[in-house]
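This document opens with one chain alone, in structure tokens, the form predicted on its own.
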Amino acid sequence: MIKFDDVSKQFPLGNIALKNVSFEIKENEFVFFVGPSGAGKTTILKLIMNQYAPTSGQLTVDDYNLSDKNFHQVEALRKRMGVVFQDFKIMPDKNVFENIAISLKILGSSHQQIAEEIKEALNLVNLSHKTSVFPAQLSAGELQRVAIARAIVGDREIIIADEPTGNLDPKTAWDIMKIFKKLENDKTILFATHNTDIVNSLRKRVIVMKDGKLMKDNKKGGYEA
């Protein structure tokens, strides 16, 4: 589904973010990307989202060749992806329903589809009672639940999570991970994190990055594996 073949990324001022990285992720696989800050985790995710283009190597997502300098199917690619950020990126002037509806409106969903999908998503993240609430009235954990609901509506196939528990206390972080566990059987989940407890406990596939290089790729590993 996602394949990096000897991919490197160098920025204009000479900073090398990735060096000859190769790996393949299958459909519905749950993969942790771990490593210190600046290791290349976020760069990998941004390459997959086509926010960056590879400097060299081959990068494909399904049938999309993101290495092609003439790649113009960005909108179609991103419609298949939902993104969860560390800082939530929730619009403060819109309530929970409206925040989630934005991504569905972009997809051209009908009013009925929007209502049905949001109801289902809010049930999954245990926020069905907060539909009309505004972000200022929500806790950090609830804001992240809204962000997850927004990421999964529209039948997204790939969920990209960049440090989604980074601003949360340990208990809330585990509550968020329970939601990701619900998604793992029918979504491909790419999860960048520094949280050693979560990675070591869940025993999923772990890709270890350091200084832009892939150091280890463990099918069922821990943070330090």
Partner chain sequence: MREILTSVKRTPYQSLASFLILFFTLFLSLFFFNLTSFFNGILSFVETKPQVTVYFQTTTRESEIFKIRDEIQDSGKALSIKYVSKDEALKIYKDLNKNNPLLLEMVTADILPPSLEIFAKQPSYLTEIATYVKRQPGVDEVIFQKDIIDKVLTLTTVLRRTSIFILVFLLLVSFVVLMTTTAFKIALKKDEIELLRLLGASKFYVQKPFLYEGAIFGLVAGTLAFLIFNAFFLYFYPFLTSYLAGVPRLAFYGLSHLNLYVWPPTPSFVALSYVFVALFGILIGFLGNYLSTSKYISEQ
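In this text the structure is predicted, and so the values were computed from the model without any measurement. Numbering follows the first chain given and starts at 1.
Another form, the form predicted in complex with its partner chain, is not on view; read the next lines as being about it.
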{"property": "Stretch in contact in the predicted complex with its partner chain, which is absent here, among 175 to 183, 48 to 56, 22 to 30, 193 to 201 (heavy atoms within 4.5 Å)", "result": "48 to 56"}
{"property": "Proximity of Arg150 to its partner chain in the predicted complex, heavy atoms at 4.5 Å", "result": "yes"}
{"property": "4.5 Å heavy atom contact, Glu75 to its partner chain in the predicted complex", "result": "yes"}
{"property": "is_contact(Lys105, its partner chain) in the predicted complex, heavy atom dist at most 4.5 Å", "result": "yes"}
{"property": "4.5 Å heavy atom contact, Phe71 and its partner chain in the predicted complex", "result": "no"}
{"property": "Partner contacts for 87 to 117, taking its partner chain in the predicted complex and a 4.5 Å heavy atom cut-off", "result": "Lys89, Met91, Asp93, Lys94, Glu98, Ile102, Ser103, Lys105, Ile106"}
